[in-house]
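The chain below stands alone and is given as structure tokens, in the form predicted alone.
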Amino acid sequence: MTEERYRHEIAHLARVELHTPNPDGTLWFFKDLLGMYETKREGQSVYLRGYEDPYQWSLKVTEGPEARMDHAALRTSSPEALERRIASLREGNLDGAWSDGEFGYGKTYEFDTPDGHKMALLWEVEKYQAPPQLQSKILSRASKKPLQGLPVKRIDHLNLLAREVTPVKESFERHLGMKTHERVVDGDIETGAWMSSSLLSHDVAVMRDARGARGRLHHVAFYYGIQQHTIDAAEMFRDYGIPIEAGPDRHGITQSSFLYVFEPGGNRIELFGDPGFLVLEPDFETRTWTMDQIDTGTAIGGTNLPAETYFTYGTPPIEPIPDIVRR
């Protein structure tokens, strides 16, 4: 169970590294269409950030043989919170190891979820300082809104696929202090959980992998903040040949507006129009959805999430790969 005094010790999702077999296409997608700034190149990797991301980068794109998530890192709310969360992980036999960190980040504690996803915790960061030509007159904005693509503001959340949802969910609750705001059950089996340590409806979600695989990624989400932007983005993606999986629409679960696409490397990306409902109640009780409610849970506006991809496709991909992803 979540200890309430440790509820807010994870501040937010700080960064994700994606691997892609098509680095030129993936960078074109994130830089030209989503307007992300490039901050560094090193070896086979490129570091990117949205114009409101506070750190040197939130997305690392690395060339590799297949689409997949290399790792995701969460920033804690203090150095002391980092030490407490690591102690809890170790007490739960989820051993990890310290690394020297990455460009723009300090020492980082790396560990695996019970399903095998590579995660990390950190506190030390290098705040992004915009050069004069990119300094915004809006003091709370890390850099100017770019004049390219339909720019995303920042990274938002992570959705993982797991062979079994419950062990991953309980690990995030127990060791990271997250609270499950909503979940889906199929009889006695949990098939989805949406968790957060903040006022947001979710920072991390876990869904059951219909292919029975372990440790895969469902999607990374980037935040627009305005629902209309997902409609504008859909028009842009149609014009430029980016496969749209579902949307624009609004989820019942989280009440957030969504648009799902596949970037040219094969990773699923969600464009997040708005945050949905905010959890302001300190004693908010978990909402449980059942399978007879799933159509409303997945999309309020009538969109049907395609079963042949949405509940089965993840990265790294497993054959057969749906045609929509191969396009």
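Numbering starts at 1 and runs along the sequence shown. All values reported here derive from a predicted model rather than from experimental measurement.
Quick note: we don't show the form predicted together with another copy of the chain, though the next part is all about it.
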Decide yes or no: are L33, W289 and T296 jointly within 4.5 Å of another copy of the chain in the predicted complex, with each residue judged by its heavy atoms? yes
Proximity to another copy of the chain in the predicted complex (heavy atom, within 4.5 Å), stretch among 206 to 214, 96 to 104, 249 to 257, 159 to 167: 249 to 257
Only one of H117, H219, H175, R154 gets a heavy atom within 4.5 Å of another copy of the chain in the predicted complex. Which one? R154
Contact with another copy of the chain in the predicted complex, heavy atom within 4.5 Å, among E38, D70, D274, E63 goes to D274
Report whether the minimum heavy atom distance between I86 and another copy of the chain in the predicted complex is within 4.5 Å. no
Might A11 be said to contact another copy of the chain in the predicted complex, defining contact as any heavy atom within 4.5 Å? yes
Exercise: E52 in contact with another copy of the chain in the predicted complex, heavy atom 4.5 Å: yes
Does the 4.5 Å heavy atom contact test between I189 and another copy of the chain in the predicted complex come out positive? no
Could you pull out the residues of 200 to 231 that have any heavy atom within 4.5 Å of another copy of the chain in the predicted complex? L200, Y223, I226, Q227, Q228, H229, I231
